[in-house]
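Presented as structure tokens, the chain that follows is alone, the form predicted alone.
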Amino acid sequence: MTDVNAYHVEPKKIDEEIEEVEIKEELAIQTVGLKKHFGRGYNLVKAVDGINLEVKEGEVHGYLGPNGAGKTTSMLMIAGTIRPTAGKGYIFGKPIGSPAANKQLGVAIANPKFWKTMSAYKYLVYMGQLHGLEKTLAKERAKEFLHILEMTQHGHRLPVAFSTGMKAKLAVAQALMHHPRLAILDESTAGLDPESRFKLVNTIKELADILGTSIFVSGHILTEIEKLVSRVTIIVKGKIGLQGITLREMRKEFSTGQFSLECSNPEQVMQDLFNMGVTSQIFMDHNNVIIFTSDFIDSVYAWLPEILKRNGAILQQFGPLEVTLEEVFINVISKRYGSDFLYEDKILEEFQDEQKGIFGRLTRRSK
């Protein structure tokens, strides 16, 4: 006989730890030991495994991770859509999933679904009313957001016939319709062409500033996320790999110690620097930017004006080489979990596919 307690998660110790944590109402998001497990026994998948998150009010906070890292699962728990296995979470001090938390929240999930018989305009009006807006105000806001997102001409159309990118834009509009204190945006630029992604990223940033809305956003195109966010958290294998670091702190912590020099006549300037023996490594990248490391950087600063003058060169840019968000992302994952992890499959999706297969076999047997 199977022991029903064999897979039981004991909440007592977790609850005792949570009681000691101060609930901070000034935080847009606060999670304590938040977990979500699927299956049991040998099929147990720890999609989210005890994350502690803090997202400050008024900031755009990026939430990054490889496929299957637990991004969407943790975002859905914070949004109150799925129930955690253990742990707790708060939105401005209100328990996740509670009416008080939901009232302050707007959510745009990946791959949104829409009613088959409701136009985009009517959908936004309806969603605005669900969030407590008067019908007149909901209509005004619907027109306003369709205009902002360059979708006015599509307001009469059915969203089910939209492209993936247009569906994503409509999902963002409904998430911000009621001017929430916090918006959770999961893969909101997915399916958009580069120009549309650029416009949407800028629009989200502008709206966050205008509305004073805190944004918790995930995405795969890190160059765009880097333009949007002020702080990032990286999740790997259901655990936090890098917690709430600002882009400035990130660049300082993961600095490569390299410098970049952009000027005219770069070949002559690079040769001059090399001949002076003040660089330990020097090369020119594909954009004709000189990249080098030096243990005598003060000397480089002191001699650079003379070097430029001697070679008839004009300085365009000089300073520490800024590390990109993508480089930090790869660094965190490969250092802490091994480079092979970057190429692992989505374990949660595999588990769900397996469960569907089991369910299908059981269904066929019962016929």
Partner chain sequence: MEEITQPDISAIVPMEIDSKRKRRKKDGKRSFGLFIIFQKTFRELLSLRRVLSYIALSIVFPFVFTMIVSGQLTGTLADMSIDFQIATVVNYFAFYSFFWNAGILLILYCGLIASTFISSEESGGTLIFLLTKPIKRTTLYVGKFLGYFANMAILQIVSLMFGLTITCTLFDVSSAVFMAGMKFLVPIYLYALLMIAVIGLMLGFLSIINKRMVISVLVIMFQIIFIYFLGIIFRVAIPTYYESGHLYLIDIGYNLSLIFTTFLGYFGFQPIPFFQQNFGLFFGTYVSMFSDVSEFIGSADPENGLTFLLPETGYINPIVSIIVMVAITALLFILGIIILERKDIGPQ
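Positions refer to the first chain, counted from 1. Quick caveat, the model's predicted, so the values are computed rather than measured.
In what follows, reference is made to the form predicted in complex with the partner chain, a form of this protein that is not presented.
Although the partner is absent from this view, S218 stays clear of the partner chain in the predicted bound form, with no non-hydrogen atom inside 4.5 angstroms. Contact between F38 and the partner chain in the predicted bound form is found at the 4.5 Å heavy atom cutoff.
The partner chain is not shown here, and in the predicted bound form it never comes within 4.5 Å of any heavy atom of L273. Although the partner is absent here, K252 lies well away from the partner chain in the predicted bound form, with no heavy atom inside 4.5 Å.
Exactly one listed residue, out of P194, P99, G257, G277, brings a non-hydrogen atom to within 4.5 Å of the partner chain in the predicted bound form: P99. In summary, among the residues K205, K199, H179, K239, the only one with a non-hydrogen atom within 4.5 Å of the partner chain in the predicted bound form is H179. If you check the partner chain in the predicted bound form, you find a heavy atom from every one of T72, W115 and E144 within 4.5 Å.
Of the candidate stretches 277 to 285, 290 to 298, 209 to 217, 262 to 270, only 209 to 217 has residues with heavy atoms within 4.5 Å of the partner chain in the predicted bound form. With contact defined as any non-hydrogen atom lying within 4.5 angstroms of the partner chain in the predicted bound form, the contacting residues in 114 to 147 are F114, W115, T117, M118, Y121, Y123, Y126, M127, Q129, L130, H131, G132, L133, E134, K135, L137, K139, K143, E144, L146, H147, given in sequence order.
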